[in-house]
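First comes one chain, alone, set out as structure tokens in the form predicted alone.
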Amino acid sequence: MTAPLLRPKRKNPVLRTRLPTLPPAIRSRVALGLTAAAARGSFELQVCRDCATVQYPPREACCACLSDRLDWRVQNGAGELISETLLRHSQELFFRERVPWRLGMVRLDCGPTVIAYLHGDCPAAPARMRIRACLDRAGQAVLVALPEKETPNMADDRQLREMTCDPKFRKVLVTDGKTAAGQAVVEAVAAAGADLIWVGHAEPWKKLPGFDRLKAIPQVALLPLDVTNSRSVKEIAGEIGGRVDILINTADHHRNFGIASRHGVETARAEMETNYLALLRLAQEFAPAMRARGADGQSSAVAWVNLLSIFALSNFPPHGTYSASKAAALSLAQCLRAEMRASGVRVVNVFPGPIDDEWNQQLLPPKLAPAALAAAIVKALQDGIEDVYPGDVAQEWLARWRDNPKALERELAAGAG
């Protein structure tokens, strides 16, 4: 059984911060299909359309019939551990700092045999396992073998924690606690075991609903943070930037209507100010310190979460300028992800469908409850997922967008959202 994780000791300020190291990250273009699925929390393998062979590792052609008609399909991951070894020495810096490292060969029920990292609670071979595709510190897909049944303290496994961003015993900044979504995130992160939660609020003189409930949470500390003000962001970053392990940007400015229904650019400017430029300000002030702390012990900086919208994938005309601001934020988040990757800090983009709030009153259900959104964010951190699409609407839009982006654009323009 995995030993429970202990609260880390206070860092000695005299000791230098270690530079982050990453596992090997080179993958072929076809192998990135495995990474794309792992980023969504899915385990997919190539399946041949002609002979139905399931193959691993990924290839350009079927290993049985040489057909190039290969599809990525979800697998359940069930299999049997047939052998294992313990890595005690490595030429790779990442593994040299972390040995011993447990590895094993698992024969999947669907056919292929894979090499996977072994969770510490996996019994010796032969034994039943379940394989999960995870993203490693370099952002590439790796396979992890987990016990067939859940075990106590499973998430505290040393190897598994290297590939996740679990909030347990970590310090978290939630940039905007005014909204129902932001407050739900604070409560969910606290329930997940966060050590300290800073909650930003732009107008501290206002008695906003829900703040008394947040103040009652022992880990919460309220901060006067206005993400639309560069000076405010810089001051808070100077105060706590070197201690933030997980930053969750919940700042959101949402107004209805598109282009012709509203005169002037004031509303669109406010949306860009909060949804796009605020992310840029936060990235400029907090990202350098978080990059430097990518290897700062057990509770190093591990994740940056952006609350985007499924409307960022394809513009939703009734919320046209809002969709545009979220599309801009998505592009900026991809740049941030590229710059943070060298430090091992994961950038998680969350694409919810319509949230059940005042700005989506006229949209018919289903709508995403703030508590469900918060639970999806925490689960993504615990599982190490990179792209999250919570809710039925987001899942449907994602499927339609992946199948035919132009068809989705035309359907939305025709009012068939």
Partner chain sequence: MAVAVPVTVPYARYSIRGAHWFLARVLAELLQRSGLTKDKIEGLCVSSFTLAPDTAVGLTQHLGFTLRWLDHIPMGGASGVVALRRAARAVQCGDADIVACIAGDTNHTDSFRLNTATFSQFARDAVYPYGSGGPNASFAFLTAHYMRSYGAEAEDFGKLCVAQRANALKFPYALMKKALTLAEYLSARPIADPLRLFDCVMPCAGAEGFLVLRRERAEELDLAYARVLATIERHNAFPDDPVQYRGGWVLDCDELYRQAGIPPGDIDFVEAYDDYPVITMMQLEDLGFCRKGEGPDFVRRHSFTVDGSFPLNTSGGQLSVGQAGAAGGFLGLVEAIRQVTGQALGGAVADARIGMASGFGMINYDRGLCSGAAILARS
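What you are looking at is a predicted structure, and each value in this text was computed from that prediction instead of being measured. Numbering follows the first chain given and starts at 1.
Beyond what is shown, the protein has a form predicted in complex with its partner chain; the following relates to that form.
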*Just to confirm, residue 361 within 4.5 Å of its partner chain in the predicted complex by heavy atoms?*
no
*Contact between residue 67 and its partner chain in the predicted complex at 4.5 Å, heavy atoms?*
no
*Would residue 126 count as a contact of its partner chain in the predicted complex, using a 4.5 angstroms cut-off between non-hydrogen atoms?*
yes
*Could you tell me if residue 92 has a non-hydrogen atom within 4.5 Å of its partner chain in the predicted complex?*
yes
*Of these, 305-313, 339-347, 98-106, 216-224, which stretch puts a heavy atom within 4.5 angstroms of its partner chain in the predicted complex?*
98-106
*Tell me, which of 240, 270, 114, 295 has a heavy atom within 4.5 angstroms of its partner chain in the predicted complex?*
114
*Quick one: of 121, 285, 84, 187, which gets a non-hydrogen atom within 4.5 angstroms of its partner chain in the predicted complex?*
84
_its partner chain in the predicted complex - contacting residues of 27-65, heavy atom within 4.5 Å_ = 27, 28, 30, 31, 56, 57, 58, 59
